[in-house]
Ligand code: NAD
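Before any questions on binding or motion, here is one chain by itself as structure tokens, the form predicted on its own.
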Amino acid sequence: MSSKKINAIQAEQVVLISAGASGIGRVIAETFLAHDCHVHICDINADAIADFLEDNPAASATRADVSTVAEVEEVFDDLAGRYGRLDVLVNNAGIAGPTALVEDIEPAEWDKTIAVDLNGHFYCSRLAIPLLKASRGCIISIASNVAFTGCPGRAPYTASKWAIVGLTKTLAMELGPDGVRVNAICPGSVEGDRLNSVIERDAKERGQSIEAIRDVYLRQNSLRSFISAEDVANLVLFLASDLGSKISGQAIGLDGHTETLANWLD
């Protein structure tokens, strides 16, 4: 049996990452930069962009709210003017949304969560498609393990993540004949500021300690561990590389094997 060396990722590829200035998005961006790719990020936070570019001067950025069509169009105008191509789109932008039962969620909270977490993925994907057809590139969307199970108290967030999986599979069907691969990564609880804020909010609302709430989250998966941003970035890199060249239309769990997200109903 013959074997050949497969590069992790082709250098000089152009990668666009939404919400790329901090958190998971920043780690993904810096991972691609470390592999000699051209990285362009968009983010709603101008201060976070400035900090990111100070540490990563080889990258480029556009300040944008991905829930606004005109601002997403500006991102792609900037990308086209700077690079003239796109090889990898990473749809990472998302917000946690409210923590409440459905009957207690305000319509405005629902609308905001769907606008960022779902519409933003659609707006970026539709503009990326012509560029990705030309490069035979790929789309990688960050969904969540709630797309496999549902999650009580997190209806808007959960609905958006289920929709991302449906969009992923549909795009994979539509774009496969053009050589474009489309996948979703479904992480469990990822260590970082957003998880900490969700845990703190849960602790306050339930009158329990932060440590007790963290333990509930840890007991949701078989490995009893949280996911790191580096875990997500490494899987993104794999899917964008030659190693993932035959993977498309998949929603890939990265969650230590979720056993339940319904602990609060026990």
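In this text the structure is predicted, and so the values were computed from the model without any measurement. Sequential numbering from 1, following the sequence displayed.
One more form of this protein, predicted together with this ligand, exists but is not displayed; see below.
- With respect to this ligand in the predicted bound form, the three residues A64, S144 and P187 uniformly fall within 4.5 angstroms at the level of their nearest heavy atom.
- Within this chain, N45 lines the site of this ligand in the predicted bound form, having a heavy atom no more than 4.5 Å away.
- Using a 4.5 Å cutoff between non-hydrogen atoms, I9 does not count as a contact of this ligand in the predicted bound form.
- Although the partner is absent from this view, R85 stays clear of this ligand in the predicted bound form, with no non-hydrogen atom inside 4.5 angstroms.
- Though the partner is left out of this view, K161 does reach within 4.5 Å of this ligand in the predicted bound form, counting heavy atoms only.
- Of the residues given (C151, I95, L127, V165), I95 alone sits with a heavy atom within 4.5 Å of this ligand in the predicted bound form.
- Here is the short version: of G244, G249, G23, G256, the single residue with a heavy atom within 4.5 Å of this ligand in the predicted bound form is G23.
- Only one of 77 to 85, 135 to 143, 103 to 111, 169 to 177 lies within 4.5 Å of this ligand in the predicted bound form by heavy atoms, and it is 135 to 143.
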